[in-house]
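The chain below stands alone, shown as structure tokens; this is the form predicted on its own.
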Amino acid sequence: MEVFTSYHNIVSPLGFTSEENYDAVLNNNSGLKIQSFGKLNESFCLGSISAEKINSWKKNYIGFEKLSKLELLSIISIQDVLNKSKVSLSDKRTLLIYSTTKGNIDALGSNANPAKAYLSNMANTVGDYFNAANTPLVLSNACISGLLAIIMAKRSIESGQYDTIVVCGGDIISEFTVSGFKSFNALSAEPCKPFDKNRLGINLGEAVATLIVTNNKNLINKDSAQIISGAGANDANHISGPSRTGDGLFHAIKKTIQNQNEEIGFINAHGTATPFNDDMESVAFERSGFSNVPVNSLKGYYGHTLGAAGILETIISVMALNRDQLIYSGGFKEKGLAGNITVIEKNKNKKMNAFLKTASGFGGCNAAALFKKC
């Protein structure tokens, strides 16, 4: 059975549509800004969505005053996709999968309702807004959550359970996440530089991204792609540190590309700009025989959007594939990596038919998926 991506949306600091986001990335515009945050009494480089932008959208949504920030942004993103596709979540053959790492983490504050922090409650609130016929499935597996949600959607459709799955991923910036990554000394005080020898660490970002996965060929459009294969693997190396030899990612890639003859036009990598992650990925790509395949990371435009990252970055990459464009790996200037890879240094046109998307996360989890033009 063939399974495809269909209509999509991105809500981020760079815009509230996929088209706005793609144009911003293509023009090397970054959503990362140095700003003070919360009660931490310190400035951070973050990719946050302005309150003014969010407030300007609230009036369009019934009951917004009862919705959390993440719930509202998710509904905005999903509504745009449903409007364009005419897909309905009230259809029994349609499912909502929500990927997130922290969900309504801001609900744990003293003046909030802590029950909203349960991931299932958050997903059910979003599902109820659209009268979903099926209980939403929540997927939370560290930083591979978004890409793994796409892979799981493909498998669920192939198994005959559903015909169409609306995959939505989202996370917001919170004091919990900022202070957590700060405790690892993993944050960069300036815009991040994935794969660059002078990289200093990650920036955190917030976004919601929604993508339809379906077997319905009537939903194929100019920004669709066929999902050829996908796999996950866990090297169980360390709770936060990636394998130095890239074992988990290597096995996820190997499983994804086995028996496939597609020539890969580019790899959209996880690329967090931390010393160990970027080295690990470069080693895994070299071990996979991809030293000469162009590689980029989109973290230099968005920061790390956690549960949204795999979906957001897949959408941008599908758009690039269908436009035969290689996108500059934002922030990159000079390579400094353990493995030999080819980082994209500027936007360029290239005829291609397929790309590989990868993601890696805490606990040694890794995922890879192969997409090709319809």
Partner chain sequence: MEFVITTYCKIKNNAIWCNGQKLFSVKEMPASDFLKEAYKFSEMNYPKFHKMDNLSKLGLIAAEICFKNSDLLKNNDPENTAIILSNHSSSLDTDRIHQNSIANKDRYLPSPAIFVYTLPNIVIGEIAIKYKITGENAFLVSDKFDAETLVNYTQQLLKTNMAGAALCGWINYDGSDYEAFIYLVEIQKDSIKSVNFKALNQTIVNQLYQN
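Positions refer to the first chain, counted from 1. These numbers were taken from a predicted model, which means no experiment stands behind them.
Not on display, but discussed next: the form predicted together with its partner chain.
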Counting only heavy atoms and a 4.5 Å cutoff, which of 264 to 272, 229 to 237, 296 to 304, 74 to 82 contacts its partner chain in the predicted bound form? 229 to 237
Contact of residue 105 with its partner chain in the predicted bound form (heavy atom, 4.5 Å): yes
Please run the contact check for residue 158 against its partner chain in the predicted bound form: heavy atoms, 4.5 angstroms, yes or no? yes
Taking the shortest heavy atom distance, is residue 141 within 4.5 Å of its partner chain in the predicted bound form? yes
Please run the contact check for residue 183 against its partner chain in the predicted bound form: heavy atoms, 4.5 angstroms, yes or no? yes
260, 120, 291, 218 - the one with a heavy atom within 4.5 Å of its partner chain in the predicted bound form: 120
Within 4.5 Å, heavy atoms only, which of 88, 188, 245, 124 is in contact with its partner chain in the predicted bound form? 124
May I ask you to list the residues of 29 to 53 that have any heavy atom within 4.5 angstroms of its partner chain in the predicted bound form, in sequence order? 39, 40
